[in-house]
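Only one chain is shown below, in structure tokens, and it's the form predicted alone.
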């Protein structure tokens, strides 16, 4: 290779990548509290039936406040698949999906969740079909079956089919409710980010469906929905979201005190965990640690030299691996589309006296839900704010919703003088990731960024 990066290869033991300087990412310690919250949440899910609670399976956007406020237990299909992938326990479930005939090109979140569901059905029917002696099966044998199914997808065309398969596997006997979150095309003359007639019409359209969701929950539980409790729940979520955004903004500093990978492991509290004091405490702790690092001049990458933006869904098999990978070339991935443009990213829209319209609007502004010009314009604003040198596009093999616009995003980055690169991988299927390709492309991008600086 002959580059300054690969000339400095450090032999490392264990499973971490052998690359660059050998430095490890300096991860936030405060995020460890999130692991406890996630474990507590799943333990609550596993115990739901024994405690006589109704269970709703849902896919798509972050609608658990409605379930939390109605004393339901909720299972987020994507979160379950991501958790299995992060713990390297997904292979058995995906193999069961393959056995059923689902192609590997289908969404690996769906394949994992459906495969796990089939394992549960196998167990219930005592038909075999799953390798029950496999220790990886243990974690997959705990999900309670659904009493209800709710689908609430912006942008993704697979989600509705995924839930329809679930509906059919359970014999078309589980009541299902689908919320349509329409695309914001942005084609009208008055359209913009959170502005224009289209924005206001579709905000009301989604809000009306959310009110219908509360009636669906009432009909299937026999209990009246408590809107005051929804407001209380959203009070915690709004506060947590504000703390999260304040912490993100503080990462404009050089070196950035936290990285995209710290925000990735912070997604669960913001996406699907209960809306209570714990998530406020979590993000308060994160913000306090970031403040301490700012005062000490401590960065998420020890010798930060380059600042990157991560585009695409996370490769959940490789969170720690990738955090170290970029740190080893002195690159801090400061921000990303998935972390910085999703999950209650506009908390000021939420009126706690009547939160539903603001909730609908936060669901609408999911970054993939905009026409490309508006979405890419918002990405460039983040790149400008964080003074980004290059954009890294994770071309997730089975998540078209996040990858469809990436050539346009890369083109925009180059237009404004930033480097751009792609690497292949997937959200939950590790077999699509090729480490050698990322090494070569990352090395080339680092060299280009260095050459640009020397020429300046």
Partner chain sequence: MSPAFASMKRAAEQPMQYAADWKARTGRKVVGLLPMHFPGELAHAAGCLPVVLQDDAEPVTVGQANVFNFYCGLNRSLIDQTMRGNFDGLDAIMFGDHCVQLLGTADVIRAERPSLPILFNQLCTTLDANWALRETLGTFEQLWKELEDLTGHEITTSSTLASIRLFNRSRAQMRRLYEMRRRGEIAISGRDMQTVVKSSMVMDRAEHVALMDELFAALPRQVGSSSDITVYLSGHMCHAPKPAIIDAIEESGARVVNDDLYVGWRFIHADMDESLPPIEAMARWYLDKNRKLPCPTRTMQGIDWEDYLLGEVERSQARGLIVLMVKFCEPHMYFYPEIKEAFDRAGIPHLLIETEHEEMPMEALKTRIETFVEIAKRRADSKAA
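Every value quoted in this text rests on a predicted model; they were computed, and no experiment measured them. Residue numbers count along the first chain shown, from 1.
Same protein, other form: the form predicted in complex with the partner chain, not shown, and the subject of what follows.
Next item on the list: Would you check, heavy atoms only and a 4.5 Å threshold, whether residue 101 touches the partner chain in the predicted bound form?
Entry: Although the partner chain is absent here, residue 101 would touch it in the predicted bound form, with heavy atoms inside 4.5 Å.
Margin query: Please determine whether residue 82 contacts the partner chain in the predicted bound form, using a 4.5 Å cut-off between heavy atoms.
Written below: Although the partner chain is absent here, residue 82 would stay clear of it in the predicted bound form, with no heavy atoms inside 4.5 Å.
Margin query: Just checking whether residue 162 would be counted as a contact of the partner chain in the predicted bound form - the rule being heavy atoms within 4.5 angstroms.
Written below: Flag for residue 162 set to yes.
Notebook entry, point to check: So, in the predicted bound form, is residue 157 in contact with the partner chain at a 4.5 angstroms heavy atom limit?
Noted result: Residue-level check for residue 157: yes, a contact with the partner chain.
Check: Check 39, 229 and 323: does every one of them have a heavy atom within 4.5 Å of the partner chain in the predicted bound form?
Finding: Spot residues vs the partner chain: no contact at all.
Notebook entry, point to check: Residues in which of 345-353, 329-337, 259-267, 187-195 have heavy atoms within 4.5 Å of the partner chain in the predicted bound form?
Noted result: After filtering at 4.5 Å, what remains is 187-195.
Item checked: Residue (of 183, 121, 219, 250) lying close to the partner chain in the predicted bound form, criterion heavy atoms within 4.5 Å -> Result of the distance check: 183.
Next item on the list: Taking 4.5 Å between heavy atoms as the contact cutoff, choose which of 27, 397, 54, 418 touches the partner chain in the predicted bound form.
Entry: Exactly one listed residue reaches within 4.5 Å, namely 397.
Notebook entry, point to check: Using a 4.5 Å cut-off on heavy atoms, which residues of 405-424 contact the partner chain in the predicted bound form?
Noted result: Residues within 4.5 Å: 405, 406, 407, 408, 422.
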